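Next up: just one chain, as structure tokens, the form predicted on its own.
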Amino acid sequence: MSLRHGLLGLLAEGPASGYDLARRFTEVLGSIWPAQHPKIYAELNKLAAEGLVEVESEGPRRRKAYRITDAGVVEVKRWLTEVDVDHTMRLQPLLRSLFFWMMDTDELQRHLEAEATYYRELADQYRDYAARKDRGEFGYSEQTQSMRVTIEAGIRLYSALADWAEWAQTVPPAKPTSPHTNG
């Protein structure tokens, strides 16, 4: 996902400061797509220079609230409908799994147990969020409905990773095979 398009999409919901946008990224996408404050502010400046956003107001301590322009809305829609989806996923746990053979069995078991717990807890957090959305705590706007779809993806992704970490505890290298005896 492009940070610029994520920011434009969030600003399509309404004006926000860089701080508010960083909080929204954390709230909605958390560990799936983290966005750091310096990168957000740098991207907002680029978007403003390109005429895709503009400063709506400036508050205390020079805090700026940005809003999307008509050109910004056109750009988000172009990205959604015309740009090929980047299906690349960088999951460090999967990269690490390639080298599990280098860990002691006990270390690997502890690691995989911690991973399973971590992913189950994240899936549960997303389930709680989904339940709140389903109860209408955030209304029933199109944005909320789209966010519900995103939350469901998080639930399913983290549940699958938890299942994977639990399964990995039951097979080599986490569970060594006994040597074959021919007899």
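A residue's number is simply how far along the shown sequence it sits, counting from 1. Nothing here was measured: the structure is a model prediction, and the numbers come from that model.
What comes next is about the form predicted together with another copy of the chain, which does not appear here.
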Is there a heavy atom of residue 142 lying 4.5 Å or less from a heavy atom of another copy of the chain in the predicted bound form? yes
Looking at the partner-bound form in the predicted bound form, is residue 158 within 4.5 Å of another copy of the chain by any heavy atom? yes
So, in the predicted bound form, is residue 119 in contact with another copy of the chain at a 4.5 angstroms heavy atom limit? yes
Are any of the heavy atoms in residue 149 no more than 4.5 Å from a heavy atom of another copy of the chain in the predicted bound form? yes
Should the three residues 17, 26 and 60 be counted as contacting another copy of the chain in the predicted bound form, with contact defined as a heavy atom within 4.5 Å for each? no
Looking at another copy of the chain in the predicted bound form, which residues in 67-104 have at least one heavy atom within 4.5 Å of it? 73, 76, 77, 79, 80, 81, 83, 84, 85, 86, 87, 88, 89, 90, 91, 92, 93, 94, 95, 96, 97, 98, 99, 100, 101, 102, 103
